[in-house]
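You are given structure tokens for the same protein chain in two forms, set apart as structure 1 and structure 2.
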Structure 1
Amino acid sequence: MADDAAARLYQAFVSEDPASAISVIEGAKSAGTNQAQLFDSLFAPAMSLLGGAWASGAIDEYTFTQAAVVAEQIGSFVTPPAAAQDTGVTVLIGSMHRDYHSVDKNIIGAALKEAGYRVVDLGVDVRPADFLDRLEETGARLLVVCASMVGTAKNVARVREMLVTEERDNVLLLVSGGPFVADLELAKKVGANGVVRGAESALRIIDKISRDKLAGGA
């Protein structure tokens, strides 16, 4: 069945018929092939047939090139999406007031965005009150505060104080930056729920939190 579909897709390529190629793909999907499998189970075998036809001389160079153009045109129908699916989870991220270091924040924010999180980047030099305001606006329950200097790291305690004052106990405060990595006690002192040690750590922690604690809400 799959071989048959690959042969029909190959035929659509050499016939320079993208519409037929798409209908073969749609047919495979209707028959139960999921998007993630389409490339391996349908596109790759069809391309192998195309390569074989060119090698044997069954098709000439011009047809080969035109078929490759059709393969290009329908590529997005069989390729897994480059960006991850929207998780529906909003994450606020920013560097602490008087901290102008942005690299940590940028890399972590971009990694989370790529993984499907709705990232709201508040920039650098963010006042504690601004974190609170944006939490209100977005309804987010995950906040990552970056601080690269000991002084600004200590000031993250003010964010926790404001969260307590405003009774936002449902917000999880994660901290990132050298001072917290070097001294885990500091993270506890400022009232953080966890320490993010870079992009991969952020992905792991936030994925776990999303599954364990945020199920059903942003």
Structure 2
Amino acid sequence: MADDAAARLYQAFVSEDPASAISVIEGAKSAGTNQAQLFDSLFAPAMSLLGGAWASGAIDEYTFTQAAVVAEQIGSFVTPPAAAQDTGVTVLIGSMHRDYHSVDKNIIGAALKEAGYRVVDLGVDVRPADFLDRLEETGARLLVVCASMVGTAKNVARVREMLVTEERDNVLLLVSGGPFVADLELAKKVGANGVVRGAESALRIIDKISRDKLAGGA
């Protein structure tokens, strides 16, 4: 049932039909999927279908880009609700250089912010050096780099290289995006400490990191 809903949501994206996309989401909620589960159980699989279709050539770059716009438009409908006190932990998030896709980034950032994390959103098309500069400015030790295309995903290795060069071993690098979900080995190759698969995944992973590795502040 969930797979069927994800396929219908994917089709709504490709058809550039926000109303149908919202209808699919509301249908999933009526069927028992709560707000906190919508991203990981419905939205993320639909986005994986979209990324896979683009990678395989089933859809072209224009269709992929327009579908991503629709996905971003309905993002607020799948953002998990949360209300928590300030965790004191700063998380930097941004889309890799030459990657202008912001859907995953925005939803993950919103979920973390609502859960009490101090989220610094660097936007899209962020150069490796800019990630490093903002880490220095904020003192953050958690960095989430998003990439929706294979080429930009591979370039995340440059971020790790710069962290090593600057001896920033205390920074934990997490990655997000279809290429990493489809190929976990890619995440290892670029030097990531983990893969964020969605809003719930981000909360679960970063909560654990905060407890186990960032005790005393971030």
Partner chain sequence: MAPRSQQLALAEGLARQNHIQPAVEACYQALANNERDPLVHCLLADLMLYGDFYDEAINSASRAIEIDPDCSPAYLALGLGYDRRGGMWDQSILVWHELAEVEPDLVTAHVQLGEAFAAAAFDDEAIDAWRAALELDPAEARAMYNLAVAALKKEGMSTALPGIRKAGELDPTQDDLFFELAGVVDDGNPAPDPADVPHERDAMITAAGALAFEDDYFAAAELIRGVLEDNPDDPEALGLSAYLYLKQEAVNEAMACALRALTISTRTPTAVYTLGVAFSKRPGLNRNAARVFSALAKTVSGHPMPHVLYAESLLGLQRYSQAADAYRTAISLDPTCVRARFGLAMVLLTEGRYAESMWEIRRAAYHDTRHQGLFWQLYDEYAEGRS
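Being a predicted model, the structure only gives us computed values, none of them experimental. Sequence positions of structure 1, starting at 1, serve as the residue numbers. The term rigid core refers to the maximal set of C-alpha atoms that superpose within 1.5 Å between the two forms.
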>> I want to make sure I have the labels right. Is the form predicted together with its partner chain structure 1, or is it structure 2?
In response: 1
> Comparing between the two structures on the rigid core, is the C-alpha shift at Val126 2 Å or larger?
Replying inline: no
> With both forms fit on the core, is the shift of the CA atom of Gly51 between the two structures 2 Å or larger?
Replying inline: yes
> After the core is matched up, is the C-alpha of Val14 off by 2 Å or more between the two structures?
Replying inline: yes
> How many angstrom apart are the two C-alpha positions of Thr65 between the two structures, if you fit on the rigid core?
Replying inline: 51.8
